[in-house]
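Next up, structure tokens for two forms of one chain, structure 1 and then structure 2.
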Structure 1
Amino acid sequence: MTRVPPRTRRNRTHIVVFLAPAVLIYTAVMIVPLFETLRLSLFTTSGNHFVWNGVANFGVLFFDERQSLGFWNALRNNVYFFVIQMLQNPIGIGLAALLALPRLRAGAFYRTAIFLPTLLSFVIVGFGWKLILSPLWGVAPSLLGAVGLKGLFAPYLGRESSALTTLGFISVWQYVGVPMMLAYAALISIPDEIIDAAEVDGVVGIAQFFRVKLPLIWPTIGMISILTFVGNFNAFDLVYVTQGALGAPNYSTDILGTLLYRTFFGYQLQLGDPNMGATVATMMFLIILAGVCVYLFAVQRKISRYQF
């Protein structure tokens, strides 16, 4: 039997010692609440006691006339919100391609300016855009009027048909710096030998980006997409700050995050129900888990061959 040298055993002990605090904190903050939420969704409250309910709460969430309307509406809004948010990825990749040009001047300034909104608090972003787009005291009507386009202005956040779209573009504006920086880091890490070989073969300019660089950063693009997916179905702050917990106007901006808040904690005349709130949270977790699994087992395997 092979005996492990003392130094190796000591190093392994050090690994455990250094990892233990992070593992304990992550378990206490993430793992335990997750399993507690899953457990809570399988019970119902009767007085001061929890009664086993199985998956009946999910049946209520899907099919009950009062609960299901809000859930399916929030899910549809979340999917639409995700489609709009995905626009930040091609925009960010395009900006990264421009910023990665070797002859570009003041590239650091442009990177900082584009990434800066990502560092702002969602409260500042939400209230700031609410003031900008206000038809009473906002600056948007004046700015559009200065260039002769005042007729294009409308109370975008006050209309059911445009409120969610407007919030989606605000989110794109705030977070486009994230895919830009990730794609930029991937582009500048491409070995110079590959670029030189492409130039020798006559592949330059836009053709070089689409034929050489873009395939090489597909793994990064996949990671950016899954981060956008997870962030979208965890969204709550921007909608809550700008439109309130009811997803005004008339629930047109209600998403799963705001539905979870109202269901779990209660809001105005709606009483909180921790069991149904945990059911909504469990559905959010399952949706995110399904999306991540599809990415890992169906997409990541195909794009991993582009890694260098």
Structure 2
Amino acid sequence: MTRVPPRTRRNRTHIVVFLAPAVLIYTAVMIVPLFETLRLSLFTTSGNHFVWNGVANFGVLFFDERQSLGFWNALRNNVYFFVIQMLQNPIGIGLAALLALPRLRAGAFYRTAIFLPTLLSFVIVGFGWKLILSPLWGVAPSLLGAVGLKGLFAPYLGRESSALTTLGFISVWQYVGVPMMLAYAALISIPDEIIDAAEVDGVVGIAQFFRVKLPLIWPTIGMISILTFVGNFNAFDLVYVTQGALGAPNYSTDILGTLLYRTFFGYQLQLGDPNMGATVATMMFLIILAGVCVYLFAVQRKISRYQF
């Protein structure tokens, strides 16, 4: 790419003018508050002042008899939620493999329909599923009855043992369109020569998918996984909408997002505490940062070898 050398254009204020609005708003509203949040986790409030507190807030979060229970429970639930959520990737990639079949008809219709739930807000998805799964309303039992499985019905969202799993599946239902679309895009961009060469070698059908196509779309799968990871440890809306800020029943669906909300703002008998809220947010930040670093250093480096 040839550029006009800087000598001919002494005045370069336009670069500053072009960059300033974006950099200023991004810095003031995103980066500074983020660091302010991290900083506040090291302070405690006394009267109207913030007082230096070292890492004592983290001690409370990890070991305090009452608060640590909530934190470890939310963290455990969040990890479990992430594991269930990861099911969306094989399902999405499988659907994409079918959609990418040459000579498939009505592909655009399937893509459009399967992507639809992704666009709906958590309010609609959460309440919609709450109604469908409600024992008061007959939709879920009649549907299960239609396939002869009526005995399987239970108030899934109301039982401690199944509520979080159910929410995980609702989330998979909503977001399966994302891995499907990204994997589809990656699959149709595989050069024809590679597929032809595989066919000449007698690698066809399912074997071709697993041995030729799947290794080629690893970078996309890595990207989808890290997006899922970040989205999960930052989730809040679905649990808040369907189960309330307390992660009912009995905190069994409480995740870090709802814990952050309650700790920061207070809820019912619990008083809000900006410093403990900042401490929870800092833990979420560290978890997400760790995930992103693993992705960037390990996964990204390993998979880049397969790229064409």
Partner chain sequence: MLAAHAVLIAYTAVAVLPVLFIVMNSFKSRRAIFLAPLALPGPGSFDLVGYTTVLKTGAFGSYFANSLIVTLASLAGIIAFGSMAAFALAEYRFRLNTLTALYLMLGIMIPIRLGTVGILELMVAGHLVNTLVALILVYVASGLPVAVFVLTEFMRTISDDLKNAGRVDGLSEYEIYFWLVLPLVRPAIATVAVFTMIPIWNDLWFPLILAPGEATKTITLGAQQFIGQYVTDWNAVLAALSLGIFPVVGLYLIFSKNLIRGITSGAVK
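Structure 1 provides the reference sequence; residues are numbered from 1 along it. Since we're looking at a predicted model, the values are computed, not measured. Rigid core: the largest C-alpha set superposing within 1.5 Å between the two forms.
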property	result
Form selected (criterion: the form predicted on its own)	1
Rigid core superposition, Ile25 Cα moves 2 angstroms or more between structures 1 and 2	yes
